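Below you will find one chain, with nothing else, as structure tokens; this is the form predicted on its own, and questions on how it binds or moves follow later.
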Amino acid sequence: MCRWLAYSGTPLLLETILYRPAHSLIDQSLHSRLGVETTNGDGFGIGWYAREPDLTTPAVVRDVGPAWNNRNLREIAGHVRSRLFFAHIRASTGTAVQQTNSHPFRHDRWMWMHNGAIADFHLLRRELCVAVDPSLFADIEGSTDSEVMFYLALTFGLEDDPPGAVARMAATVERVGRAHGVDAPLQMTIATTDGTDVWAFRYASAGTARSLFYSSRVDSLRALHPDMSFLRELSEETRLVVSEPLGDLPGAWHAVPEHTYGVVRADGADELFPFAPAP
């Protein structure tokens, strides 16, 4: 499976999050502790929003090689500063290792990334693709289940109601899967954003969903760790959502419960809600 992180808050150089933590996403590309695979080397991607108000669509850079030795990624991370960015390292579940299959995926101002799988996707792919709005179908570039999930969510109203759209996407995948004899069609942790707010989802049709964590409030961390000078540089609304913690700082990370979604808002308000597929 894959590892990913979503950052929202004080504008930072990407390298601050991607490279500097003890168990950074780059370290996880070689030494994942909670993923199905220890190594995630089947491509990577980063997407970020610029500070200029007239640039509402994110920049996205994706590649097919491993993140741990990519010089271009290292160069970009040391020079790009953003208040909201996604990063993803991929371990393929069967589809080709190619640039168009690396996350995050982008449509207009929206980004999307996923860890998990649609079981027996090769059997369900045609019917799921037919459910995508014809006006969106031509924008699908790759062959992954993750990208089809994104375009199904767009079809079902992601731009107006992200939780509802993802719930309808999940219900569609489960309905089609079970019609083809797949008992547990869906395994997912998903992050999506419109450049302002971030939504994150943890769900599995059966069994334990893939791991997902969110960071503590900055004011709580300052109280717990007054000697950590870097915490003084972060605004109160700064948040991280990650597949696995970036370090072992006590009190820094909380597991997202099973069958739950959360929203991180630009003003620092964040909430968790129950999640279930909704036909």
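Everything numeric here is computed off the predicted structure, so don't read it as measured data. All residue numbers refer to positions in the sequence shown, first residue = 1.
Beyond the structure shown, there is the form predicted together with a further copy of the same chain, which is absent from this document and is the topic of what follows.
Undergrad: Taking a further copy of the same chain as it sits in the predicted bound form, is residue 39 near enough to touch it, meaning that at least one heavy atom pair lies within 4.5 angstroms?
TA: Output for residue 39 is yes: heavy atoms within 4.5 Å of a further copy of the same chain.
Undergrad: Is residue 244 close enough to touch a further copy of the same chain in the predicted bound form, meaning at least one heavy atom pair within 4.5 Å?
TA: No - in the predicted bound form, heavy atoms of residue 244 and a further copy of the same chain never come within 4.5 Å of each other.
Undergrad: Using the partner position in the predicted bound form, report whether residue 184 sits within 4.5 Å of a further copy of the same chain, counting heavy atoms only.
TA: Output for residue 184 is no: heavy atoms all beyond 4.5 Å of a further copy of the same chain.
Undergrad: Please determine whether residue 60 contacts a further copy of the same chain in the predicted bound form, using a 4.5 Å cut-off between heavy atoms.
TA: Taking the distances in the predicted bound form, the answer for residue 60 is yes, it comes within 4.5 Å of a further copy of the same chain.
Undergrad: Among the candidate residues 132, 209, 176, 117, which is the single one with a non-hydrogen atom no more than 4.5 Å from a further copy of the same chain in the predicted bound form?
TA: Checking each option against a further copy of the same chain in the predicted bound form, the one that comes within 4.5 Å is 132.
Undergrad: Pick the stretch from 191 to 199, 166 to 174, 152 to 160, 78 to 86 whose residues have a heavy atom within 4.5 Å of a further copy of the same chain in the predicted bound form.
TA: The contacting stretch is 78 to 86.
Undergrad: If you apply a 4.5 angstroms heavy atom cut-off, which residues in 167 to 204 are near a further copy of the same chain in the predicted bound form?
TA: Heavy-atom contacts within 4.5 Å come from no residue here.
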